[in-house]
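You are given structure tokens for the same protein chain in two forms, set apart as structure 1 and structure 2.
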Structure 1
């Protein structure tokens, strides 16, 4: 459905890529490379970010040209995926990106980088005031002026080229308060009245991805008791305890699908019959479908824990793997 239209769009877009005359490095960057290199999509070194580029430039510009022309195994597609580009155009784009990091090497340009460490401390302090009860009325919170102040603080600290985690989302970019998160408009008073996630997450059990909250444990430990009915706070969920094991070909552990954890949150009608026929083995499920937002991916990778948490789903060791493990403690 939406996938098909998406694909159709891609095909159209493919056809629409102009086979223009020689384009400047800047144009090529803007039209092709920026999609990944502006934001660091898929781990691409970011435009203008000296820290991202330094280790690569160290290998020599000739190697970078080769990577741009032929692609790399780690996700850089040959010519950025636009094979209509001439070699010279692709190299021009590399030059254009390298020129930007020469500028960025000057301290002033490090500005954009290490974000808002100070603001986060403020938020953490506010965490004590967290409330789980729905608020009675929206109290217009004191408009945080921290954001402006912190950019200056941040500007003083240069980007660390050899930072330990180069690509992992740093702690300072997780669970940002609304005015800093890039989606909310900081110029609106409403934005500043919203609750920063960290002030609410304080007492909840942590996890490694998504909201970085283990929502299943939060219920188990009774840290949360969200309503099962819009009006009646006492309504109890209809929980069904039925595990479905889905064998997986290859070396990945089998998938255990637990009805219990799901029916704590969801109604049968959320999954049956629209997403899954309620019959063991009747549904064909694959990781590809899940990544595309179908089957388990309707929720996992959007609201429930994301697909990166392989072990949560692939939780049952294979017979083969179990035997040697079982043999050890016996000894």
Structure 2
């Protein structure tokens, strides 16, 4: 076979290889987008939540496409961090999420109009009430100036300085009752029959992080009795008393992963092999991945203590090298 014949044969062979099938928007959402959009991680609009999507939809679908393709300044990576996706696949994921929030397609102004009308009625009622009230005595100019300045400063101050940080919820927003937690359906009678978390958590040992309960200590004190099999109430756990130490660069203490505390709660199949490959050196773990809901972040920050509690994991102190004393100069 001549060189030209071989090249022609190679071209024909390559042409016969079928192109990779394009993933549907639903598939891309499940594999890539759900990491953030299922739970609202880092402020991402949640799947199926029209309130989250309404202000974004108001900017137009083209703008949403650009955000999906190029990322956003708020932290969303281009194509959700999977640059292997085609533009069409990324746009398909956007279309899939928008299809779940059809009500959000209405202009934001139209949704806000009923609230504006009610606000105008309130203002009219206040104006009528003010006509019947006695006039207040005039305020001295100096006092009025001071009062105006104070009001201006108060108006400029944010209502909640920690509202941007999902890890720092105010006390009033912790462990809300089921009808108010944003997870359960408040219109269901069954939701109102559920026990409020604060009532259930009352006798349990406290913590300074997450939902403010020290779950490991509660287990140690026998205040909890986890069930290890849905059908068999007598099933015994397979507890593995083994610590895995991951060395960390720099001065930060090394990470200690205690299997005992985890296997007292969970069967091994919850983590292996889908989240962690049970092989030394096979898992690449970083704080960035954890914050994106991967590896340890599948649970921590959601149903386990948040990553703000650094010392819970970075618990093995390092032996700092001692510098040798400088030799004294010869006399």
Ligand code: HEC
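Keep in mind that this is a model prediction, so the values were computed, not measured. Numbering follows the first chain given and starts at 1. The term rigid core refers to the maximal set of C-alpha atoms that superpose within 1.5 Å between the two forms.
Matching the description of the form predicted in complex with this ligand is structure 1; structure 2 comes from elsewhere. Superposition of the core reveals a Cα shift of less than 2 Å for residue 207 between structure 1 and structure 2. If you fit the rigid core between structure 1 and structure 2, you'll see the Cα of residue 276 move by less than 2 angstroms. If you fit the rigid core between structure 1 and structure 2, you'll see the Cα of residue 288 move by less than 2 angstroms.
Core-based superposition between structure 1 and structure 2 puts the Cα shift at residue 56 at 29.4 Å.
Superposed on the rigid core, the forms differ at residue 229: its CA is offset by 2.4 Å between structure 1 and structure 2.
Aligning the rigid core leaves the CA of residue 180 displaced by 5.2 Å between structure 1 and structure 2.
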